[in-house]
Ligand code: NIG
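Single chain ahead, by itself, as structure tokens, in the form predicted alone.
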């Protein structure tokens, strides 16, 4: 089925922009009074509405009656939204001055979420995840990465990944599962970091392959989790098994980004502690730098040095890190808009980081740009100037969202 959708006050295609480095707003392609031709869920043209209509008189028209700005659907390339329970107690302690590590050592932190998620039935995880996916979808986020990592044993990691797979079968959003069994060393595991990671390699990852539950593996490299010595062989072994790899890197201390680049990880995520030295490493690397402003807001700490990363030539993606502890808000657009003011990111850099650069962080090449041959994942905002979207810092939400060309 072929149809023409429009006219839109503006279409911001994000076509023709670089995958790496800084982008100026003058480089943006803006089509005014534009339309998009969709065929079998794919974009076949984006151009002036009247030109497209006259050239294709046989097309069904999906008429847009009000001022709307059309942009690609967002891609949230780092979330932890499969979980049960709350960490409101952690937040209360944090705003009283306790640090992330102090809270973790006193029984809060990730381990608290592990216990609550282990106690939840798979059906409960499915229900909670459906609600969070639907909220993201309503916010124009059409592709969502989702990590395990609150199970931390074979049975519960499988439970989480099966819940993600169950939701993916009916969700209108595309879900990308990632195994984060290496979130931290479980308190109930008897053995070293290396022993635990070898256990995951031998007893969990083969089952994930057999059930086709994920093709991505993540690890948290940090004082409270895993060190470089344990992480490198684990990542290389997972890669040898056919998994793509990614790393939670440089959140509080450095070394994780170096590991990500050394092992050929698709992305290095967090980077709040990265300096100019680490930024320089990304210039010639294929690894995408994923910054997580939601974690900075939730923890009350500095943002990742997004401006320095871009100026150093990195491919920079922006994700929500939506999770029950450090980033409970989960409002991707608001987080990106607020960080852009602090880090002095252009509108083009923000939207690139939420779309086609985020797609690269997931090794996906068919979305994030409104151009011929791309999936018709799109969202429209009730305004007539694309700059209004970030100006309102997340308070304007999309009125219309399309997945595979179908308005949902």
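What you see is a predicted model; the values in this text were computed from it and never measured. Numbering follows the first chain given and starts at 1.
There is also a form predicted together with the ligand; it is not shown, and the following applies to it.
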Taking 183, 251 and 321 together, does each of them reach the ligand in the model of the complex with some heavy atom inside 4.5 Å?
yes
Is residue 136 near the ligand? Define near as a heavy atom within 4.5 Å, in the model of the complex.
no
Taking the ligand as it sits in the model of the complex, is residue 325 near enough to touch it, meaning that at least one heavy atom pair lies within 4.5 angstroms?
yes
So in the model of the complex, does residue 110 come within 4.5 Å of the ligand, heavy atom to heavy atom?
yes
Taking the shortest heavy atom distance, is residue 220 within 4.5 Å of the ligand in the model of the complex?
yes
In this chain shown alone, the residue from 234, 100, 226, 196 with a heavy atom within 4.5 Å of the ligand in the model of the complex is 100
Contact stretch among 325-333, 124-132, 162-170, 309-317 - heavy atom within 4.5 Å of the ligand in the model of the complex:
325-333
Check each residue of 127-150 against the ligand in the model of the complex and list those with a heavy atom within 4.5 Å, in sequence order.
150
